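Take a look at this one chain, the form predicted on its own, written out in structure tokens.
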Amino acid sequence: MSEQISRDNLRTLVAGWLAAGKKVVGPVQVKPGMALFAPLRSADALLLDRWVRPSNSIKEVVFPRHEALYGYRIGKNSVELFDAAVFEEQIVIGAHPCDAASLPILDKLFNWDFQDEIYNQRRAGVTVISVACTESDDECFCTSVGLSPSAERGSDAMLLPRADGGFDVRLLSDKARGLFAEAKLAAGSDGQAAYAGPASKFDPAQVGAFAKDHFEDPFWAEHALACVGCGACAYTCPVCHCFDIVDEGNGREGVRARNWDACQYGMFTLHASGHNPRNNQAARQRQRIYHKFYMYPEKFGEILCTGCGNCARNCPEGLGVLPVVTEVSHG
């Protein structure tokens, strides 16, 4: 037996959160054919009617594109530093399991040799309500990296679509139980059978071994010929996390800010001396696969990929992780 909620009651619940002043993020349509995870202005804007793959990822709620770390003011004989980050409770609803699974992966990076308290405070304020997938497209490969369309990792609650349009509800954390305390939940048996997801498409261990042992292989140059170095793959990936830290302001006041960066940019590894250890797109493409399937697993025991397929969907040339690793795995 499980608890259930109707589609109408779920929207009523979301409307109540918004009325209470909570920030709720979910899939919204921004133009025909494009959806994004964005703050909801109304419960009606939340896309729940069919399988939707937003073009961005929910990492933005814990790792914003631009983030003021602290501010400064310079007086005649003084320098004042002050907190600039703003924290608020955020509810993410409508995330895919491959989105939710990204957060525990990022947790390890931001608490490795230094505990990033700004990240941790944002993370503590986020409640993730995922919706299990009932279909997929050609770019999806969650099952190849150890996940599934109903994987619960990183989720505080899981909604499983029912044939009648409602959802079975799995409450996985105290945060979620608190949010659903006033919901109109009904008892009932589980709904439609869980979707098995796409067939496994490659072996991650084999990809990692290839990246480690074929560092200078011409394979990387062949797969980089079409890459324009735009960074869309990294910016829409749930787990890519490169950033730069810069001072923004003037001689009197400003902030030290963290901004997204990407290993696919030509200047990402440019040294002050002018030397660039990854001075061509082949080396940068290699780095992306090497990091995801060899370096990160070696350090953290995690694949730096959740199989969402955003990199390929958003690439202007149709590149991404999947085409490269599939060729590695199948020759």
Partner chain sequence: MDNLYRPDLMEIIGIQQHTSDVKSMQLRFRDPVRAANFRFDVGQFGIYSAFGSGESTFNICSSSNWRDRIEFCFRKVGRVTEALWKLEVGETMGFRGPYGGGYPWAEWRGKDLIFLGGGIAMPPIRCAIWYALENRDDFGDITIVYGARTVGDLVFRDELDEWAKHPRVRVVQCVDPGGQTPDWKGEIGFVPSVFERANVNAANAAALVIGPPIMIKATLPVLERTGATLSNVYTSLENRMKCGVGKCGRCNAGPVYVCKEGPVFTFEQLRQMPMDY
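Positions refer to the first chain, counted from 1. Computed from a predicted structure; not experimentally measured.
Separately, the form predicted in complex with its partner chain exists; it is not shown, and the next lines address it.
Engineer: Heavy atom to heavy atom, is Met295 within 4.5 Å of its partner chain in the model of the complex?
Structural biologist: Heavy-atom contact with its partner chain at 4.5 Å: present for Met295.
Engineer: Can you tell me if Arg41 lies within 4.5 angstroms of its partner chain in the model of the complex, counting non-hydrogen atoms only?
Structural biologist: Looking in the model of the complex, residue contacts with its partner chain do not include Arg41, since no heavy atom lies within 4.5 Å.
Engineer: Does its partner chain get within 4.5 angstroms of any non-hydrogen atom of Gln206 in the model of the complex?
Structural biologist: Taking the distances in the model of the complex, the answer for Gln206 is no, it never comes within 4.5 Å of its partner chain.
Engineer: Is Asp168 close enough to its partner chain in the model of the complex to count, meaning some heavy atom within 4.5 Å?
Structural biologist: Close contact is absent here: in the model of the complex, Asp168 is far from its partner chain, nothing within 4.5 Å, heavy atoms only.
Engineer: May I ask whether Phe82, Ile118 and Asp261 each come within 4.5 Å of its partner chain in the model of the complex, counting any non-hydrogen atom?
Structural biologist: Yes.
Engineer: Want to guess which of 240-248, 150-158, 134-142, 97-105 is within 4.5 Å of its partner chain in the model of the complex, heavy atoms only?
Structural biologist: Looking at the partner contacts, the answer comes out as 240-248.
Engineer: Taking 4.5 Å between heavy atoms as the contact cutoff, choose which of Tyr195, Tyr72, Phe180, Phe202 touches its partner chain in the model of the complex.
Structural biologist: When its partner chain is considered in the model of the complex, the option within 4.5 Å is Tyr72.
Engineer: Can you list, in sequence order, the residues from 108-139 that come within 4.5 Å of its partner chain in the model of the complex, counting heavy atoms only?
Structural biologist: Stretch hits, in order: Leu109, Phe110, Asn111, Trp112, Asp113, Phe114, Gln115, Asp116, Glu117, Ile118, Gln121.
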